[in-house]
Ligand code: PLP
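We begin with a single chain expressed as C-alpha cells, specifically the form predicted on its own.
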Amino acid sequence: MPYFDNNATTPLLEAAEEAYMLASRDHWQNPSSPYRSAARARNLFDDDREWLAGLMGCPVEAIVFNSGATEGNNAVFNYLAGKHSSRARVVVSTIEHPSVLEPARAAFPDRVDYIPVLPSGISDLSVLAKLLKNPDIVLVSLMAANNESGVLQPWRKCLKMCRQKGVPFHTDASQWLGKMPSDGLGECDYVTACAHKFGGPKGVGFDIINQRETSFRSQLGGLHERGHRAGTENFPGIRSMVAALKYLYENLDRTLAEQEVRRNIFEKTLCQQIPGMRIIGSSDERLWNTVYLVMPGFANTRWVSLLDKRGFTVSTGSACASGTEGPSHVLAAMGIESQEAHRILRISGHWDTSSAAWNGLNAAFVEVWEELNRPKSSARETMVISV
C-alpha cells in the first residue's frame, strides 16, 4: 500500500534495520559495563556520537541520547524552569508541536508568550523582536519545519535575533532532520529530534544542549550520558538511528531534486483535475515531501476512507491531534476557518516515493472526487424486484 503519511512516522530504512539487528545480536551488552565485550559496544557507541556531532556541527559532548523529541522537549523546559526564578518567561510559536506547547505551559504557567504566524504559515518575527525586549525571557523555541503544513520556519533568523539579545534558542528539528541540510543546527543552544521521523526506530532520539549548562538533567538515576540523562543507553536503537542519517545524508542532494519535482508535478496535475482545490503554503518554502490540501468539498474523513480503500494512506493532519474536536491549533493559528479545516488533507511522501506512486495517488484522488460527486441513485432505481 503506497504510504503518504511520513510526517507522522516512517517505515524503518533497510540500512537502519540492518544496523539494529547487528547491534542487537553482537553488541547487546551494557555500553557502560567494564569488560571487553561491553568496551567494544562503547567504542562503536562513541563513534556514532562523534559522527552525529560532526553532522550537526556541535561538540561531541553536546549530544545527549534519549527516547525521542517528546522527552527532549520536556527536558529543556523543565530544566530551565527549575533554573530560573518564578518571573522567567519563555517564547514559543503558535504552531509548535504539542510536545513543545504543553511542556512550556506546564513548566511556565501563565508565563508563555507566543509568536503568531502569517496566513502563509511562517512565523512573524517582527512580533518576536518586540517580545525579546522583555529581560525576563529565558528561552525562545521555534520549530525548524511544521509537521502539518511542511512550511519551513525562519529558525536561522530567529537564532540570530536571540544571539543579539543573549537569549538561548531552542528548535524542534524533528521534521527537518533527514529531509533538509543540517547546516547551522549545531549552533542552536538546544535541538531536539527523534529517529522515527527519518527512517529510524521508534523510541530513540537526541538532544543538543548548550555546553554552558553543565547541570542539565533530563532524568535522575545514574551517570549515563555524562550525567545529563540517566538510564542504560539504547545502543541498538542509537546505532540504527545514526545508520538512517548516514544513508539519508549521503543521498540528500539527489532526493531533494527528484522528490520535489515529483511532488510539484502531483500538485499541478491535481489542481487541474479537481477544480477549487487549494494548497496551503504553496507560495513559501516547504518540505519537499509535504502537500497540505484544502479540498473543495466533503469532509476530510471521507477522503481518507475512500483513498484508503484504493490502497493509499493519507492523513487529516497531525497524528498527535487525531480524535480532538475542532481544527488543529496549526490551522487555527493560520486563520483557516473551521469549515475549511474539516476539508484538510495532509500528504507526506517518503525519500523513495516513486513517480508511479505519486501518479497512482493522483488517479485515486480523481476517482474519489468523481465518486463523491456522483448523483445518488434513488431507492426506486436501485430496488431489485424478484419475479
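The shown structure was predicted, so the numbers you read here are calculated from the model rather than taken from an experiment. The numbering used is simple: start at 1 and walk along the sequence shown.
Keep in mind the form predicted together with pyridoxal-5'-phosphate (PLP) is missing from the figure; the text below concerns it.
Contact between L331 and pyridoxal-5'-phosphate (PLP) in the predicted bound form is not found at the 4.5 Å heavy atom cutoff. Contact annotation: S174 falls within 4.5 Å of pyridoxal-5'-phosphate (PLP) in the predicted bound form, judged by heavy atom distances. Looking at L245, you'd find every heavy atom of it more than 4.5 angstroms from pyridoxal-5'-phosphate (PLP) in the predicted bound form. Contact annotation for H224: none of its heavy atoms lies within 4.5 Å of pyridoxal-5'-phosphate (PLP) in the predicted bound form. Contact check at 4.5 Å (heavy atoms) against pyridoxal-5'-phosphate (PLP) in the predicted bound form: none of M180, R263 and R286 pass.
This chain appears without its partner; in the predicted bound form, the one residue of N147, S141, S240, S123 with a heavy atom within 4.5 Å of pyridoxal-5'-phosphate (PLP) is N147. Proximity to pyridoxal-5'-phosphate (PLP) in the predicted bound form, taken as a non-hydrogen atom within 4.5 angstroms, holds for one residue of N73, Q153, T290, S93, which is N73. Screening 309-317, 290-298, 196-204, 111-119 for residues having heavy atoms within 4.5 Å of pyridoxal-5'-phosphate (PLP) in the predicted bound form returns a single hit, 196-204. Interface residues of 84-107, taken as those with a heavy atom within 4.5 Å of pyridoxal-5'-phosphate (PLP) in the predicted bound form (partner not displayed): H97, S99, in sequence order.
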